[in-house]
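As a starting point, one isolated chain is supplied in structure tokens, in the form predicted alone.
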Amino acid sequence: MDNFTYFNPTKVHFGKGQIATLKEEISPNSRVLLTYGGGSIKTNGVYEQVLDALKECAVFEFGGIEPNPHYETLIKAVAVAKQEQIDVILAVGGGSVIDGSKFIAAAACYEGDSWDIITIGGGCVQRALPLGCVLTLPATGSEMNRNSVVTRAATQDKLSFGSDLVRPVFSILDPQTTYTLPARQIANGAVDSFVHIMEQYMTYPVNAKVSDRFAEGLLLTLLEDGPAALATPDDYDVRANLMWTATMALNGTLKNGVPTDWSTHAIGHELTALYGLDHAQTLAIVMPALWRYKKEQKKGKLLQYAHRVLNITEGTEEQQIELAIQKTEDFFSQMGNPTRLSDYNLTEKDIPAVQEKLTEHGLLAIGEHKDITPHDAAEILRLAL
């Protein structure tokens, strides 16, 4: 097991009716910037619950934060936060709203060019407004981590930053808020969570039994409850397990003592920025192809996954690994995310732009061994044609 430092101070209120705990977390008379996305919170009852809990506060609203939140939108919210002398930001929505709100929280206290936070990284963040969350879409784990991904639409750049100063102070997770989500969003969330786990699991063995067993348990939950969530949308227990799995997948627990990959995300982000695919769609394309490309390096963990999670025990090691990859592809497809570029009308001619963007962003050596180059990324994508 590798050395690690673990830190996660986010308080979580989980379960039915927990939105009411907002009045315990945000002091009366606070000036609150309420951030959200397309407005679905105003039709599913969440908005009313939030305002009721904040009736003793001064609430200012900023809606319209996009999936893959745009820098161009977020800087408008930063201006509101400064002008209204906001005390606390409350993000109500999924990972994109929370990611965007992390940027707003940092940029509202930053004296220089706010794009520095993305290009230089979270290390330049010295202060941030406190952030709370009401999660309505389980997927990214942003409600309990230090990470944010922001897209600059004008230049097709999708980049990330991280800072402990933008970790949510608290997050409220009520599975009932997910009942009215479109099936596509639930499916995307399950795939996103699955790949988050795999980026910290599918590397090479280091005898980190605790992290491995945690990861395997979460993977089994997604394989069981991902399809169940589509079949029975109002099953509270299914939605509760999916929501907590998505949070645990990326709250820092699984990375303890293990090497991590994240090359699937790096390549996938470029596909999203260039061609507008959903984040989960890009992950479903890249990960199986990457496993085939790096089959020898990942052999130990691929076999462990095949045996412990998928119960594959017959055949040669090569056959077991290939069947494990195929079953993973089947799961992604079952969740509505097919695994080939051609499924999204992308072809060989679309690959060089991804390679160029990886080079432009300095992603020249990614993966757990830091040996995946932009050229390798192009070869991986060719395996996914």
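Remember, it's a predicted structure, so these values are computed and weren't measured experimentally. Quick note: we count residues from 1 along the sequence shown, nothing fancier.
One more form of this protein should be noted, the form predicted together with another copy of the chain, which is absent from this view; the next part is about it.
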| item | value |
| --- | --- |
| Residues T5, N8 and W244 all lining another copy of the chain in the predicted bound form, heavy atom within 4.5 Å | yes |
| Answer range among 110-118, 284-292, 214-222, 124-132 for contact with another copy of the chain, defined in the predicted bound form as heavy atoms within 4.5 Å | 214-222 |
| 4.5 Å heavy atom contact, L383 and another copy of the chain in the predicted bound form | no |
| Any non-hydrogen atom of D237 within 4.5 angstroms of another copy of the chain in the predicted bound form | yes |
| Contact label in the predicted bound form: N207 to another copy of the chain, heavy atom within 4.5 Å | yes |
| 4.5 angstroms heavy atom contact with another copy of the chain in the predicted bound form for N256 | yes |
| Option touching another copy of the chain, based on a heavy atom within 4.5 Å in the predicted bound form, out of M202, M248, A306, L181 | M248 |
| In the predicted bound form, the residue from V92, V150, M144, V166 that sits within 4.5 Å of another copy of the chain by heavy atoms | M144 |
